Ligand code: DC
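Shown here is one chain on its own, the form predicted on its own, set out as structure tokens.
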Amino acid sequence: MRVIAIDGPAGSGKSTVARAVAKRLELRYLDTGAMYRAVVFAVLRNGEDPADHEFAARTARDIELDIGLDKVMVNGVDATIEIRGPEVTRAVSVVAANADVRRELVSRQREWTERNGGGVLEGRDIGTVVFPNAELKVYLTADPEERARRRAKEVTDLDYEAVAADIARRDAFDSGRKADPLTEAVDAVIIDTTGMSIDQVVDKIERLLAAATPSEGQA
């Protein structure tokens, strides 16, 4: 089973890169961050507080999720646009810090990968927690200004300063949480994508894969 783990903070380019890598390698792609956003969406849709630990955990266990390449269905509702909105974005770090939510979603991510015979998974803990024996672990990063510029282009209702402040807040929250904090795996290859095109990053990852020697315990 071929598993490629791509981790990194917001705005590092991991979603775009992971999609491109999956397409080039003819593997399935999973945006694990969309799963956490889907839980937030479901909690808010029920009029509850995402910070309610028990309710968020129960929602994660009960939710019907279909994370497609270009569509995210949550309990039969198309939430593709809403999960990227500011309300969900503000609350996603709180839900992602919920250890019970993480436990459920990590289990689902592993099941998805088994069912699809591998894949390219991107998130914040793929190489450290979900698949520590992945064939290749990549940690993408970029300078803060570049990351904020990229994200500001995606979020039309927020200006650059607001996006930059939100990224800084999420970095601090995600890196400091007790449950599976954002950090690079010790054997991950760190790629600074500042000033690099998507094709350049994907080419580099493909070269790393060609040079990699899978271990016997490969996921």
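One rule holds for the numbers: they count along the sequence shown, beginning at 1. Only a predicted model underlies this, so the values are computations on that prediction, with no experimental measurement involved.
One more form of this protein, predicted in complex with this ligand, exists but is not displayed; see below.
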{"property": "Close approach of residue 36 to this ligand in the model of the complex, 4.5 Å, heavy atom", "result": "yes"}
{"property": "Heavy atom of residue 108 within 4.5 Å of this ligand in the model of the complex", "result": "no"}
{"property": "Heavy atom of residue 28 within 4.5 Å of this ligand in the model of the complex", "result": "no"}
{"property": "This ligand contact at residue 151 in the model of the complex, heavy atom, 4.5 Å", "result": "yes"}
{"property": "Listed range touching this ligand, judged in the model of the complex by heavy atoms within 4.5 Å, from 110 to 118, 74 to 82, 91 to 99, 140 to 148", "result": "91 to 99"}
